[in-house]
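Presented below, as structure tokens, is a lone chain in the form predicted on its own.
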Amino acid sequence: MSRSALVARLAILGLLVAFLVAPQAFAPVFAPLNEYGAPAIYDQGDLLELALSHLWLVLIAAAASTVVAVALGIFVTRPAGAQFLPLSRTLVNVGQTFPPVAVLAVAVPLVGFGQAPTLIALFAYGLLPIFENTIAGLESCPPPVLEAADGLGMNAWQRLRQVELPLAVPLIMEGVRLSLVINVGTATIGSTVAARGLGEVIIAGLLSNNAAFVLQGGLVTALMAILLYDGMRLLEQRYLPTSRN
């Protein structure tokens, strides 16, 4: 990322934090969107608390999706698990095939309202990009490199841990970033089943015909997705040598 792009992202982060900490200071910006003296800033809850709750849901679901999808991707790229690849693809595609609202509708009778059904929906929705990128990363390892590892006397586990996974990490992390961005937006539907998050702001705006509320919820969600994606990319470039280019 160029220096100017980094400065721009830091400015966006500062603006987002300022809005969440002191939203009333931005009331003049949103006031023109409202009529009949309606509130310009969401006043039915703490915006910072909602944003943190939203972020927590996304990160927990992403962590679970990553563990399961990477483990499954490794399994189906080994000789013993290759025959399960079609079945695995079918399973991880469920989250993308069924809309998150449908997953919520199935999950609520089983686990009740609140965060649990939302986590299930986000977990299922985030599996596919990580799973497919794990497979692509592991299968893209150059054959000469794998042959060299075998020639050094590495066993299957050593070759996976020391050669295949390090080379596959950039693609795997790209899948994780994509999953995060998808779920930052998807998590807004959790408010329909009483999960705390930025969806509350958007839904409140729609129900009261308050465009300012809708814009606030949408903007915070969008900026969160952008900053998460770029932040992960910066961390990869700093701490993962294979991601530096």
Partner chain sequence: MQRIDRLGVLLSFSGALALTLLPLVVFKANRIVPGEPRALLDLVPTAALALYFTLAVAAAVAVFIQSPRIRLLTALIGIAALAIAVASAADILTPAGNRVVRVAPGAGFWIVLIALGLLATDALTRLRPGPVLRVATLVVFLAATLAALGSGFFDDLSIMREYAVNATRFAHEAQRHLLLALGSLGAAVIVALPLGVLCHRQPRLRNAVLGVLNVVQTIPSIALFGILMAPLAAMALAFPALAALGLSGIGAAPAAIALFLYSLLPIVGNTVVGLGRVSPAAVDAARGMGLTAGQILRQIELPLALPTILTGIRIVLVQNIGLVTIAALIGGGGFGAFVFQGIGQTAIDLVLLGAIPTVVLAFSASVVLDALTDLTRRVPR
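Between two forms, the rigid core is defined as the largest C-alpha subset superposing within 1.5 Å. Numbering follows the first chain given and starts at 1. Please read all numbers here as calculations on a predicted model, not as lab measurements.
A second form of this protein, the form predicted in complex with its partner chain, is not displayed here; the remarks below concern that form.
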Gly14, Gly114 and Leu119 each touching its partner chain in the model of the complex (heavy atom, 4.5 Å)
no
Since only the chain is shown here, I'm wondering whether Gly185 would be in contact with its partner chain in the model of the complex (any heavy atom pair within 4.5 Å).
yes
Can you work out whether Ala225 and its partner chain are in contact in the model of the complex, taking contact to mean some heavy atom pair no more than 4.5 Å apart?
yes
Is there a non-hydrogen atom of Leu87 within 4.5 angstroms of a non-hydrogen atom of its partner chain in the model of the complex?
yes
Classify Ser53 as contacting or not contacting its partner chain in the model of the complex by the rule of any non-hydrogen atom within 4.5 angstroms, answering yes or no.
no
Of the listed stretches (156-164, 89-97, 138-146, 169-177), which one has a non-hydrogen atom within 4.5 Å of its partner chain in the model of the complex?
89-97
Using a 4.5 Å cut on heavy atoms, which of Ala63, Ile203, Ala27, Leu48 is close to its partner chain in the model of the complex?
Ile203
Answer option from Val181, Val70, Leu57, Ile41, heavy atom within 4.5 Å of its partner chain in the model of the complex
Val181
Does anything in 96-110 come within 4.5 Å of its partner chain in the model of the complex by heavy atoms, and if so which residues, in order?
Gln96, Thr97, Phe98, Pro99, Val101, Ala102, Ala105, Val106, Pro109
CA of Thr97, rigid core aligned, shift of 2 Å or more between this form and the one not shown
yes
Threshold 2 Å Cα movement between this form and the one not shown for Gly153, core superposed
no
After a rigid core superposition, would you say the CA of Thr77 moves by 2 angstroms or more between this form and the one not shown, or not?
no
